[in-house]
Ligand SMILES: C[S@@+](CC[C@H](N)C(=O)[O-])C[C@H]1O[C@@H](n2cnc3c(N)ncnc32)[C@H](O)[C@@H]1O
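First, one chain by itself: the form predicted on its own, in structure tokens.
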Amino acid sequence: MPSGAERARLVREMFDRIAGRYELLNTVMTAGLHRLWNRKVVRATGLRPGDRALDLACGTGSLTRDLAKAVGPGGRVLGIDFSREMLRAAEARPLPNVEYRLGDATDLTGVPSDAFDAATIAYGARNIPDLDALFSEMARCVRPGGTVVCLEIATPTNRVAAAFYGLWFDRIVPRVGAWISGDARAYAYLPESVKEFVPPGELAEIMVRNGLQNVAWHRLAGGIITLHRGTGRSGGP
């Protein structure tokens, strides 16, 4: 896989191609567990009715809709993604307290600072080459004391989970993904992108050096999923 702008273009085109089957594929590949993991993200944000949330790499809006339920009709959620087709699929299931916007998660031009109670990204960080820019922007956009949550696929350290992971993600997922989506390359990219991604401890360090405090992380699903959480810097001199 190329790096930089060329990689971003190829990944965007890939997501454009699979947008119509993306949520079905997520359900199949996770046996529906992605809904449980979404709920864990929402709990980690600490969002309350009336709050404002920012969902980056929002895709077809699965997590965005869950955040919208958490903030209720008096709150607002902004979902941003770089794939027009993914956003088109998200907008097909509109909610009155959700806005979707085409944009770059590492350069949130037009998104004000200190404007959100929480910012999230799920399964998107490993597709973003500049993680410093990503978390710097997330830290900028949340209010002092606001929450930043990152959910991502990881390589498990447990031997049993690692054996399952190797079978499922390296062999079965690419075949099932190719069959359902008709795009073999897209679902060969999934295990490749996970293997190339930074380890969870390094991801936590990146969050800290880009302005987030109280950063902590833990593994879910036998280590196949990691959830990182940090808070925006407190106000004051």
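Every value quoted in this text rests on a predicted model; they were computed, and no experiment measured them. A residue's number is simply how far along the shown sequence it sits, counting from 1.
The same protein also exists as the form predicted in complex with the named molecule; that form is not shown, yet it is the one meant from here on.
Although the partner is absent from this view, D104 contacts the named molecule in the model of the complex, with a non-hydrogen atom inside 4.5 angstroms. In the model of the complex, the named molecule sits beyond 4.5 Å of every heavy atom of T45. When contacts are judged by a 4.5 Å heavy atom cut-off, G124 counts as touching the named molecule in the model of the complex. Taking the partner from the other structure, the named molecule in the model of the complex has no heavy atom within 4.5 Å of any heavy atom of A68. The candidate spot formed by F116, S136 and A204 is out of contact with the named molecule in the model of the complex: none of the three has a heavy atom within 4.5 Å. Contact annotation: of the candidates C141, A154, I128, V98, the single residue with a non-hydrogen atom within 4.5 angstroms of the named molecule in the model of the complex is I128. Heavy atoms within 4.5 Å of the named molecule in the model of the complex are found in one stretch of 59 to 67, 46 to 54, 208 to 216, 194 to 202, which is 59 to 67.
Taking the named molecule as it sits in the model of the complex, the stretch 16 to 42 comes within 4.5 angstroms of it through a non-hydrogen atom at Y22, N26.
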